[in-house]
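One chain comes next, on its own, written as structure tokens: the form predicted alone.
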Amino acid sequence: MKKLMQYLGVLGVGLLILSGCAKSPGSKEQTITAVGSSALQPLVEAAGENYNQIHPNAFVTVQGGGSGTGLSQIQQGAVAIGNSDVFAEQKKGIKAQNLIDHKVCVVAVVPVVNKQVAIKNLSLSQLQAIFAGEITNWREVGGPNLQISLVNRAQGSGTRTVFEQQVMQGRTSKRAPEQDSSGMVRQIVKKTPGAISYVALPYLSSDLKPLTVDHVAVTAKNVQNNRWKIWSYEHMYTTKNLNQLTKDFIRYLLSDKFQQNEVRKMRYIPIKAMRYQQNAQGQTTKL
């Protein structure tokens, strides 16, 4: 009898625990979807997971697809949030006046090369000439006798727009193989001798070699002070009638705690840390 009572006691405790873990009868699950910039995707995924731990009935589905996809999807009202590396005003066909721009952080874009390329620094003019197809061998900039293999992001990529705006500055890029995501760029540059491309800083891994530009390294401090000039805002666009979960999730991303922890840890720049600002025309001014 004593053992039976012990067993029933354990069973009762177990049932109480399970009951506590179950959703309360009145609880209602909510889901929103954020689509777009692959550069911002890892941060939004992390924010969604953290937010769900705090609010178990709130779910954030995150998809990539590029800034162009994010902007077109939010304009159509197909998603709650359209993520973008570029201003809505910079994308043809997007009516920016119908959207709300939530700037949540800043991301740097960095040129990267295959590790066999014995080059650490390029001047901005050398970088332009390489992507314009005027310099085709690494020996022309002090490197090995090795053909340069360009890898570009696809049209519609915000990372590509930022690179062309800040680096090419109106010059035309040579046609080159294009990739849909920073992750694919990383894999191809890693495996291709002589390859050069560019990635958002959160995608920089130890198997790629980042370059300094005009002897300036890509650090948080250099981005904040605009010494590193290849950067952009990460925008989360919404329609003007956003729902409560969307408001609360964006507010969470902008909270001091999230900005000072996850944003910095994942190598983005907190929005309040910037000492310079950009406008939709690409002009940069000191705050």
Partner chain sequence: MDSIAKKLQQRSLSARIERRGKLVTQCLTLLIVLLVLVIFAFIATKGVAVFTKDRGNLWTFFTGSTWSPDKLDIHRRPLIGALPMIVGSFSVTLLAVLLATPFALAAAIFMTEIAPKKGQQILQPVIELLVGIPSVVYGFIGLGVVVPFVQKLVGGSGFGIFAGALVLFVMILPTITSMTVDALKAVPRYYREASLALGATQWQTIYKVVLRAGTPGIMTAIIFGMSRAFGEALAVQMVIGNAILMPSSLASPSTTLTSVLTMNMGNTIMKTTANNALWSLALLLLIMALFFNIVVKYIARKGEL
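Residue numbers count along the first chain shown, from 1. In this text the structure is predicted, and so the values were computed from the model without any measurement.
Absent from the display: the form predicted in complex with the partner chain. The rest refers to it.
Each of K92, G156 and K191 comes within 4.5 Å of the partner chain in the model of the complex, counting any heavy atom. Interface residue remark: Q76 is counted as part of the site for the partner chain in the model of the complex, having a heavy atom within 4.5 Å. Taking the partner from the other structure, the partner chain in the model of the complex has no heavy atom within 4.5 Å of any heavy atom of G48. In the model of the complex, none of the heavy atoms of T239 sits within 4.5 Å of a heavy atom of the partner chain. A residue is said to contact a partner when one of its heavy atoms sits within 4.5 Å of a partner heavy atom; P42 fails this definition for the partner chain in the model of the complex, lying far away. In plain terms, the part of the chain that comes close to the partner chain in the model of the complex, with a heavy atom within 4.5 Å, is 180-188 out of 180-188, 99-107, 196-204, 117-125. Comment: the partner chain is not present in this chain, but in the model of the complex one of A176, V141, L146, M168 has a heavy atom within 4.5 Å of it, namely A176.
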